[in-house]
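Heads up, the chain below is alone and in the form predicted on its own; it's given as structure tokens.
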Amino acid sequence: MNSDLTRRGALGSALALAACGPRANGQPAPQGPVTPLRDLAPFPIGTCVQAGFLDDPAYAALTSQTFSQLTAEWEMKMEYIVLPDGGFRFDRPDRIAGFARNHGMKLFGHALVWYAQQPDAFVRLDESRTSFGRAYDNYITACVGRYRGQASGWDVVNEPIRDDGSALRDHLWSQRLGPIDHMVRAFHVARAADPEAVLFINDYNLESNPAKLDQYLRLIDALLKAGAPLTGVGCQTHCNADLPTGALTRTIRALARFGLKVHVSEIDVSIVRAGGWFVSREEKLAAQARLYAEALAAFVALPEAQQFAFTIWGVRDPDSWLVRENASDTPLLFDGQGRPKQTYRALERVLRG
């Protein structure tokens, strides 16, 4: 018997049983059988992982059978790959890539250039030995080239807009290579390293800050006019449960106007960060499920050619960065026991049409 079908059947049975389980965090589990999202979607349904999480057989099974694309949460960023002496390490990224390959999943690269990471090896670069620009190019080439033919796309530039939306961020890369030029250069180097990968720009709070969205749209336009081989637009979609109805739909439609691939790249919905107008936690949970459904419905409404992937930023609640900040948050699709929540059922309903 096909081992993948065996695992898939086992997971389906487990999800069906979990759907009838007890309440978790005050939230009733959905009733009835639950279908793996990857079986329902005509586009990749993604999640983020850390290499160490894959040691847990239950986590690994839940991840591989529910999702069809993997993003490394942080182990494909400079903070892990670039060593103090300027060398690179790829052991954990390779493990995530191998897991994706072995389970028939796509791999998404995240992220090449990020203002928040400025490794000492770059800060202390000896220009007499190699130029800053050459080292920058070499890093991008090494990362993209290593996963050429496997990674379907890359976040080439991550979070370039200031939080208030007033301007581009100022950081090591922009100071050394130019505010726009460092981005254009990164896209060209990434394209040379993998001509087939979809190359993205990616940012957050676009749905909650109109000024930031406007600045983001202007930057995309500027990069395209400068000749950058930018072929995808990412919207992280880290939301709070009190986000007004319609904000996600308007944002995704605005990003689609360029005709590029669109990636809902890091969606989670915080209960704890929501404002105080909710009467009860149950109302927050209902609003959370509504936002997940709205985001997916807006994505599904895009032209098929623009639907790159819909990625949830984590698998089980305890694995989320939001829960590491506040243990009472429940931002994802599964609880700590791997039981699907009403957020899962909301996405299932959208995909069933």
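Predicted model, so just to flag it, every value in this text is computed and none were measured. Residues carry their position along the shown sequence, with the first being 1.
Keep in mind the form predicted together with a small molecule is missing from the figure; the text below concerns it.
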Have a look at F99, Y147, W114, Y139 for me and say which one sits with a heavy atom within 4.5 Å of the small molecule in the predicted bound form. W114
Just one of R92, H238, H182, H171 has a heavy atom within 4.5 angstroms of the small molecule in the predicted bound form, so which one? H238
Counting only non-hydrogen atoms, the one stretch of 243-251, 127-135, 114-122, 227-235 within 4.5 angstroms of the small molecule in the predicted bound form is 114-122
So in the predicted bound form, is the small molecule close enough to E266 to count as touching (4.5 Å, heavy atoms)? yes
Consider F278 of the chain shown here, and say whether it contacts the small molecule in the predicted bound form, taking contact as heavy atoms within 4.5 Å. no
Considering only heavy atoms, tell me if K77 and the small molecule come within 4.5 Å of each other in the predicted bound form. yes
With the partner left out here, check for me: in the predicted bound form, does some heavy atom of W313 sit within 4.5 Å of the small molecule? yes
